[in-house]
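What follows is a single chain, given as structure tokens, in the form predicted alone.
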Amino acid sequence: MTDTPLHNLTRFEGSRLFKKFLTVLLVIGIGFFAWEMTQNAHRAWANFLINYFYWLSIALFGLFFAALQHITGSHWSVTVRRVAESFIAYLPVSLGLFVVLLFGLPHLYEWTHPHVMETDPILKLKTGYLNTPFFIIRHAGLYILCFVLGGKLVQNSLRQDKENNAHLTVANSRLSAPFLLLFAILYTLAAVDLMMSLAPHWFSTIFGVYCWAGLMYSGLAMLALWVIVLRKKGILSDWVSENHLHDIGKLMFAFLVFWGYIAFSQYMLIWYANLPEETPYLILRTQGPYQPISLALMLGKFVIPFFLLVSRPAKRNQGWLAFCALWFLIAQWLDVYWMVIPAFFEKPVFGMVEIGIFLGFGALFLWSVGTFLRRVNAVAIHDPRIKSALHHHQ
């Protein structure tokens, strides 16, 4: 790739038609949620939780990815890092959605009911952790971390576009270390609180890693899609080559394999130990009505995408990589669905309610990221490693 003049960088502009389309999707999502609240509140709140956790994880991936690139001194990712940073724009929206979620806690978590905690001898021992105030405090800690340290990372990156100050890159490298450490703890707690406490008797010491693998799985797919869209619109065509797409594809493939390893490890350890407090969670999901979904996850989230993405050309073909990214995103949503829905229904429920609420959340995410990229450069143009990134070769 030849040297790219800085003034060649244009900003993202979503068409009016696309904005209207997102508005329609948002109205559809709100409408289906409101309608289902009158029909089956448990189903409405279960879908709200699925999509809250799904889209929150993708947004958090953006900060995690940016911090990881800073702390490792990565060169290749400089031209795509700003796209990941743009995912932070969804977090204020997500915070508002968390406030909404609080109204649904009694429908989602049995530990929010005092009489259940008092009469269940096992849950009674967990009251110090499983209570609503502490739940809010732990989740608020994750948002505070992302807004303070994560926000500072993005702020320094944006300041560098104007000030051309290499010391801001050094500052971000130093900020990334405490951010990543605290993020690992707080995201694990969020996964335990939102997902694992749906079955408060069950526990898995590998569950936080399992959810983090899903965060990387879906986050990299969303990064690939945004990079490809911006490349096709001409915004990143001079900045992102097939070599950059190849690296994103390699990371997608790596975390596809990593998720498969963690999923097998969690299942194998529970199956081998055969403890009565651990096995019901997986028995419910791998036998009976939910068995087809478990098989679909094994094939659709690991086996099929493994062969779709294993070759070098697959990672370098823009259209094929976009197809794989969409596949990854659907597979991850199914995984979150598999974690949530069996806690409320004896057999799978799926219809326009699930699709509509998913589209509403997706519209909020796309609107947030698009608005961010419309206001800032899509590339960190004055990062001291930008020239190395432009000449990145496999």
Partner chain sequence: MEIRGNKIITEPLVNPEQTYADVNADVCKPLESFPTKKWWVCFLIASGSLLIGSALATDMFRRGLGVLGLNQPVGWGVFITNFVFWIGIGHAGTLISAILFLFRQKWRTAINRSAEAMTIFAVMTAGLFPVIHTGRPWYAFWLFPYPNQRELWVNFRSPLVWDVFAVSTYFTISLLFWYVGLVPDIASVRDRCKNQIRKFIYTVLSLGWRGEARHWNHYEMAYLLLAALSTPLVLSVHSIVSFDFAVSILPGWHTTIFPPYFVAGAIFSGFAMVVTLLVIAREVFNLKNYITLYHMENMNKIMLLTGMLVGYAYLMELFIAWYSGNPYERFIFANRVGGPFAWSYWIMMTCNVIVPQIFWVKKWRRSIPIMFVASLLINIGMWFERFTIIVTSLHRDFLPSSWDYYIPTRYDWGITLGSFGFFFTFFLIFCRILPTIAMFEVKAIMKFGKKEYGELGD
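These figures come from a predicted structure and were not determined experimentally. Residue numbers count along the first chain shown, from 1.
Only in words, not in the display: the form predicted together with the partner chain, which the text now covers.
Asker: Only one of I144, L125, I283, V100 gets a heavy atom within 4.5 Å of the partner chain in the predicted complex. Which one?
Answerer: Spelling it out, the residue with a heavy atom inside the cut-off is L125.
Asker: From the list A314, I262, L149, I293, which entry has a heavy atom within 4.5 Å of the partner chain in the predicted complex?
Answerer: Flagged contact: I262.
Asker: Flag S197 as yes or no: does it have a non-hydrogen atom within 4.5 angstroms of any non-hydrogen atom of the partner chain in the predicted complex?
Answerer: It does: once the partner chain is placed as it appears in the predicted complex, S197 has a heavy atom within 4.5 Å of it.
Asker: At 4.5 Å between heavy atoms, is H139 in contact with the partner chain in the predicted complex?
Answerer: No, no contact at 4.5 Å.
Asker: With heavy atoms only and a cut-off of 4.5 Å, decide whether G104 touches the partner chain in the predicted complex.
Answerer: G104: no, not in contact with the partner chain in the predicted complex.
Asker: Tell me, yes or no, whether H167 is in contact with the partner chain in the predicted complex, where a contact means a heavy atom of each within 4.5 Å.
Answerer: It does: once the partner chain is placed as it appears in the predicted complex, H167 has a heavy atom within 4.5 Å of it.
Asker: Pick the stretch from 149 to 157, 176 to 184, 216 to 224, 80 to 88 whose residues have a heavy atom within 4.5 Å of the partner chain in the predicted complex.
Answerer: That would be stretch 176 to 184.
Asker: Given the partner chain in the predicted complex, answer whether the residues Y129, W202 and K250 all have a heavy atom inside 4.5 Å of it.
Answerer: Yes, each of Y129, W202 and K250 comes within 4.5 Å of the partner chain in the predicted complex.
Asker: If you look in the predicted complex, which residues in 269 to 300 sit within 4.5 Å of the partner chain (heavy atoms)?
Answerer: Those in contact are L269, I270, Y272, A273, L275, E277, E278.
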